[in-house]
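Quick setup: one chain, the form predicted on its own, written in structure tokens, and binding and motion questions come after.
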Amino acid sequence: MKKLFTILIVALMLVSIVACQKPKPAEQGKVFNIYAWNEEFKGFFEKYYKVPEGVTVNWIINPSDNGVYQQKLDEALLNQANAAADDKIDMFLAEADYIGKYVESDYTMDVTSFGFKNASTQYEYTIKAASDSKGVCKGVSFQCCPAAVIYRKSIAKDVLGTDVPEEVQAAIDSWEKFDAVAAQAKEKGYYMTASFAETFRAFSNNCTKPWVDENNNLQFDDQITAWIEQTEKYVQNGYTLTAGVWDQEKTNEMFATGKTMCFFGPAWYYNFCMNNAMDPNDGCVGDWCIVKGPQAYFWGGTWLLAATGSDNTEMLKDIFETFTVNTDVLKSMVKDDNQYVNNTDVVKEFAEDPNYGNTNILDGQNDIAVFYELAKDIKWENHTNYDQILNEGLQNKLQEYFKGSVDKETAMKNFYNYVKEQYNNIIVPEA
């Protein structure tokens, strides 16, 4: 009995030692700081996420115009290690054009380090975009942004003799056909597009090489060259206006009095940026449908990145899961907020629902069904940290040429000089 008693005492001591050695969960912070450039995600967050009791969420919002958002974010990240616990960034948002800059840095952390696991229902390109060159994922996106050709039904009917989506798609399923329809539209007194840059992303998203090669040489992909050549032809022939993508001259074409047949964009664009089309007095709600167009592409998207140094890792995990795998939340975002969410099971359900349709601006068409097919062809390839600045710079400098204020040679020289001013490490074709 003595021996048995001794063995029991030793066993209890060992259990006690093991229990004492078990690491305690890290104490979680009471302030959760989020950096963003607008209030879009803030609205979804406040609508769908239940903040843990005792935690205060602090939004630091700076506009993206002129790089202000990134500048303020970068300043805060540089100070992250020395910041007080309640001042540290816990999560920040990033767009497709510059996400690489952050996921390749030490300012973002591996999502698996706080227990989050990407689900098989997330679109692969959204995971790839949030991963560094070693494949370490640093964040998630709550949305997928396949983009389409948004066409005016009444104009399509006049130009093509039909406004049926399948028939319109057959008429513009290649760039050659799209150009031919642009000529037909011109003969009828219409524009094919309302901006010189309208088709840019449809081309640039399909590039087969990056803007800058391994030797830091600036290079033009065939898709970029094709966009320049198409736009020259459209401007010269009067197939397009020379307005910028966000210019009033373009958005005025969305009124019922507009003469433009096609606009390019994803769900967030026509649901939230085509306000003139939805004007109760001068708009044309229901006179729109979407189709794939000449080639698949995407535009935009918002990623939630985990900031290194966050003391709210449990909340980070919970937020990421809420906006990627919580099907109740995601279904509500589709039905109530016209979002194309980043969950293939959820969007498949809506795509196959014969009773679902978008009446916000479309004619009741099931846009989720169109995007569900489009999203299968989205690529995330040949992206660099230079993309946003070079894409915008090229368009801005060439707009001067398309508007006739400079010749093409001058416009290209201006672009090269701009590149050198922004990035002195990039070697341009000429001084």
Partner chain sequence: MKKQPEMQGRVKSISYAKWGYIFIIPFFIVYILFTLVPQFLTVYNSFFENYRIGLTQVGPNYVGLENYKALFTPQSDGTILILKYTANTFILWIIGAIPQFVIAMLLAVFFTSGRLNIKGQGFFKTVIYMPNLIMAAAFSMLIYTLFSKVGPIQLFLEHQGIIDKTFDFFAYRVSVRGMIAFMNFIMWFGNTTIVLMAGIMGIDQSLFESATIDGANAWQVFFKVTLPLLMPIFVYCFITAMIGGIQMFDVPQVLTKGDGLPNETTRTLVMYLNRYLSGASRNYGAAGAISVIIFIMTGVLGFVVYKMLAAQYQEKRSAPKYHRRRQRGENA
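All figures in this text were calculated on a predicted structure; none of them were measured in a lab. Residue numbers count along the first chain shown, from 1.
The next section is about a form of this same protein that is not shown, the form predicted in complex with the partner chain.
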{"query": "Distance check, residue 397 to the partner chain in the predicted bound form, heavy atom within 4.5 Å", "finding": "yes"}
{"query": "Exercise: residue 252 in contact with the partner chain in the predicted bound form, heavy atom 4.5 Å", "finding": "yes"}
{"query": "Partner contact for residue 360 in the predicted bound form: the partner chain, 4.5 angstroms, heavy atom", "finding": "no"}
{"query": "Distance check, residue 58 to the partner chain in the predicted bound form, heavy atom within 4.5 Å", "finding": "no"}
{"query": "Interface stretch in the predicted bound form with the partner chain - options 327-335, 244-252, 308-316, 164-172, non-hydrogen atom within 4.5 Å", "finding": "244-252"}
{"query": "Single option in 78, 183, 85, 226 placed near the partner chain in the predicted bound form, where near means a heavy atom within 4.5 Å", "finding": "78"}
{"query": "Residues 113, 118 and 322 all lining the partner chain in the predicted bound form, heavy atom within 4.5 Å", "finding": "no"}
{"query": "Any residue of 85-122 that, in the predicted bound form, places a heavy atom within 4.5 Å of the partner chain", "finding": "101, 102, 105, 107"}
